[in-house]
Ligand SMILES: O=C(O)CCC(=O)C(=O)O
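Heads up, the chain below is alone and in the form predicted on its own; it's given as structure tokens.
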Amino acid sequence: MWRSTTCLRVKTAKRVLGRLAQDKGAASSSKAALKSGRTVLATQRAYYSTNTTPRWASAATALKSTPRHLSDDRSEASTSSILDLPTSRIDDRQVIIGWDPHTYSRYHHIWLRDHCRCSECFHPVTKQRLVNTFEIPPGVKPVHVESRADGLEVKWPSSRPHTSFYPWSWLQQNSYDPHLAREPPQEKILWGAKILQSPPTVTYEEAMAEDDRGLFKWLSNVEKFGFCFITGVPPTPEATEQLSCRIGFIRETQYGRFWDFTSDLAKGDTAYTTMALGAHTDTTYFTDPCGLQLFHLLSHTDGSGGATLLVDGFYVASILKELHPDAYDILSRVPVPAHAAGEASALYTPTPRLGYPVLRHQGEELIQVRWNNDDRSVMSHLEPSMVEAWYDAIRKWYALLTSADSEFWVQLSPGTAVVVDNHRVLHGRSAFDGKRRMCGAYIGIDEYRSKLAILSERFAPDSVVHETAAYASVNGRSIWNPAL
């Protein structure tokens, strides 16, 4: 079944999406309030080096937010001016920003001082911190704060006068006391077997185009679906390698840098045989499993079989969580050791040696699936009381992985390559005979995410980048980019 996360039958996913929708609605409401029409004060001065455009030059681009006053009590507020600006005031430990009569954010003095991004404190070209955090007095406190049209101005006590500036959009996005609703990340679409009706696809010409728009479309598909086909690829190793390099550096492993192989067991791995391979992720024996895997069938002669299997691990995990929450919990907690030992010159195991859980989370969010039962090592670390429960959990996981609803089978042909997110989508194949030639490569997860991030800056910037790029970009990147 292929369905957007907004249409999942899984009740848990619906509840999660409901909360996301509320956050998104709150963010939209906040943005609407922040776009009530701000004018630029021509007397404002730049807080960046001469390598940057003065921040007042951003005009309407940078100044899109005008929250209402926190209250009518202006004895505690600094200057609010004739504009309808957020209020700002200082207390003993924090600067308090009032976005509207009901919404506050508090920022500790030392936190603000440490995050100053003037050219003395933050290198505008290298985007590295210059301020010596450890020379900031623990009890540092501003002498004055002022709500300006495009952000908060903070003046600090010093033998040399020092002034910091923080854009409103940046302060909102980085509010930690409390955490405010933020722009939601790109929605991931969970899918099953029915995705075969319209799988994510780009053409080779799009992916290789110099304007990078096709590359952005390609990597956005991978981010959203966990995989993407590329059609019209010349059926040669050279063209496939060039396609791989469009994403980033190829990651070299014990199998080499770029693979071009047949079923001759030239390497000690069952991928180099004609055997069927169940749904799995690669390199579970690495501390840092490979991020993307691109493969391309160059030829298959004198035989048949070898259909490619893809399974959305996040989709299967969402069903497991709803139907078997205890099994989901076990797979989220119990580490699974793994190994690669087929090459006499290499013996890989992860650090720590016990490995990592099948389902890895950041907070409540599932961020990685690691599953390869063939490469699993001895489970000698299980508590006796957990042995049967663990085997029951992986049995339930396997049943969902191999259900007809989860499996997407496709017979690849020369000219169509596929890239999969190895942290999400499991792959496999059916048995085959004849001579089958495959090529491909691994790309690191960090290289992939870096490429997607810089393309997003160009083609889909978030609100902070959009509002600050005109006056705070140096060397092609805003110093207020949320990734910094």
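Numbers for residues come from their place in the sequence shown, where the first is 1. Computed from a predicted model, the values in this text were never measured in an experiment.
Keep in mind that the form predicted together with this ligand is missing from the display, and what follows is about it.
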Heavy atom of each of 271, 295 and 438 within 4.5 Å of this ligand in the model of the complex | yes
Name the stretch, out of 99-107, 396-404, 237-245, 274-282, where some heavy atom lies within 4.5 Å of this ligand in the model of the complex.
-> 274-282
Within a 4.5 Å heavy atom cut-off, is residue 122 in contact with this ligand in the model of the complex?
-> no
Distance check, residue 348 to this ligand in the model of the complex, heavy atom within 4.5 Å | no
Tell me, yes or no, whether residue 261 is in contact with this ligand in the model of the complex, where a contact means a heavy atom of each within 4.5 Å.
-> yes
Answer yes if any heavy atom of residue 427 is within 4.5 Å of a heavy atom of this ligand in the model of the complex; otherwise answer no.
-> yes
